[in-house]
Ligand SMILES: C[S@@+](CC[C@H](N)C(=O)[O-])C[C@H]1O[C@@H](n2cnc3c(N)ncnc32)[C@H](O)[C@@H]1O
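Single chain ahead, by itself, as C-alpha cells, in the form predicted on its own.
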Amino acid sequence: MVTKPDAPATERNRNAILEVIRDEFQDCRAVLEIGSGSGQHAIFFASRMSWLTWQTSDLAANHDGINAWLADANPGNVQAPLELDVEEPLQTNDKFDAVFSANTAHIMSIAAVECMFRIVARCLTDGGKFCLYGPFNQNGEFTSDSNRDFDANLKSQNPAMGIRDLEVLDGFAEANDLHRAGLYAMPANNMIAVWIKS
C-alpha cells in the first residue's frame, strides 16, 4: 500500500488560490494541472468546482502518490495523472480550456519553464487560460526580503532553480500567442499570473 504524500504548503495556500481560480475558471470545463505533486490541490480544487474535469499530470515518479490520494478521496471529476515532463512532448492530444500550475516555475530550469509555456500553448483552446501560482520578481527585482532569501536557498540546492522575472515569463507567453490578462497578489509574497491564448 502506498503511503499518501503530504505537502503542508497545499493546505496553507489552497483557500487563497481557490478564490482566484474559481472566478477565472468559471466558464471553463477541462483543466490540465501541470505538476500535480501530491495530488492534494487537485482534489481540493476539483471538489469545489464540480463543473470542471481536472486532469492531473506529473513526472512518473509522483504518480503513485497522486493515485493514492485519488483512491482515498474518489473524486468524480479528477483524472488519473498523465506522465508529463515539460521538456518532452505531451503524451495526449486532448485540448483544455484552462491550465493550472503551482510552485513549479522556480524549481524548474529556465529552459524547462520556456518548454512549459510551449506545452500550455499547444494544449489550450483559443481563449483558454493559464493560471500560474508562485513567487515572481517584477522589473528584475525581488518583491520581498523573504523571496530574496528563498531564491538564495533554491540556488544553493541547484543553481538552475530560482524565482523567475515576470517579464521573462511574459516573453515566453507572447512567443506562444499568450498574453497576460491578470495578476493577483497572494499571501506570503506569492502571486497568480493569468495568461490567455489569443
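Because the structure is a prediction, the values reported are computed rather than measured. In this text, residue numbers run from 1 along the sequence as written.
Although it is not shown, the form predicted in complex with the ligand is what the next lines describe.
- With the partner removed from view, the residue among 98, 78, 123, 86 that has a non-hydrogen atom within 4.5 Å of the ligand in the predicted complex turns out to be 86.
- The ligand in the predicted complex is not approached by residue 92, whose heavy atoms all lie more than 4.5 angstroms from it.
- Although the partner is absent here, residue 59 sits close enough that one of its heavy atoms falls within 4.5 Å of the ligand in the predicted complex.
- Heavy atoms of residue 162 never reach within 4.5 Å of the ligand in the predicted complex, leaving it off the interface.
- Among heavy atoms of residue 35, some come within 4.5 Å of the ligand in the predicted complex.
- None of 59-67, 46-54, 162-170, 22-30 except one has non-hydrogen atoms within 4.5 angstroms of the ligand in the predicted complex; the exception is 59-67.
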